[in-house]
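In structure tokens, one chain follows: the form predicted alone.
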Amino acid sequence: MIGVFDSGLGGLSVLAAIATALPRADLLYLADSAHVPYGDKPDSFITSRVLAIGQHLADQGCTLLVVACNTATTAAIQALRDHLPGVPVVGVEPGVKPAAQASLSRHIAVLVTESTARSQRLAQLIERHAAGTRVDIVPCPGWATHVETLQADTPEFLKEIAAKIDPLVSSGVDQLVLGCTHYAFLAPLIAPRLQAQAELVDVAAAVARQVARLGGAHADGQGQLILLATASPERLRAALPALGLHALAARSSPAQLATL
């Protein structure tokens, strides 16, 4: 079984890509909805949650883990690998490398949570893969919460998106990296602001390919999907059709409460 987790709904974008790539895999998704969002919390707290969730998923029989959260990956993926040395762990990092490679203007931007914006891991990612490219790091406080509450299309939030995106496009950004898995669900709202001058960069498909490469026995199952949440599990399953994830809704059983 493959375990996938996030602070809330954002990792469902990665889960959907994995389910498409590995239709026979048994999947377990855990939303730490009791503590969402992670982006405004200290690294020590995030690490404690990641270790607890990783252990819980391993105890449930997951033999491969996917940290489907950019913030959790930057803060705690190495700690999780050290904690569970026998379990392969795949993380999610902002697509700085493909964005820098594709940029013609040599100017890209990365939309991130506050935690990811200040992380050393993101700084190293930029240094390693975007030398010679201007990289604007753009914290987006509260954006994940708009996804969590399924209230992303309000006039006020659309104005906030425009205030973030329009200056980036005007300054010559031609690759816009979605540096939080929640932001994948905001792509339909962001894309119209790009005026065909910039492209969105999401890594869900790349993560799914990595999981498929590691697949093997991990991906040989009955195609089941188990949903767990640390609070309001009924909201997790109800969010699937609301986010356009009808295939996951059809594949899943009723969500369950996970106490950890």
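Everything numeric in this text was worked out from a predicted model, so none of it was measured. Residue numbers here begin at 1 and follow the sequence given.
Heads up, the form predicted in complex with D-glutamic acid (DGL) isn't pictured, but that's what we're talking about next.
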Which of 50-58, 34-42, 211-219, 192-200 sits within 4.5 Å of D-glutamic acid (DGL) in the predicted bound form, heavy atom basis: 34-42
Contact label in the predicted bound form: I108 to D-glutamic acid (DGL), heavy atom within 4.5 Å: no
is_contact(A144, D-glutamic acid (DGL)) in the predicted bound form, heavy atom dist at most 4.5 Å: yes
Partner contact for V177 in the predicted bound form: D-glutamic acid (DGL), 4.5 angstroms, heavy atom: no
Sequence-ordered residues of 180-214 touching D-glutamic acid (DGL) in the predicted bound form, heavy atom within 4.5 Å: C180, T181, H182
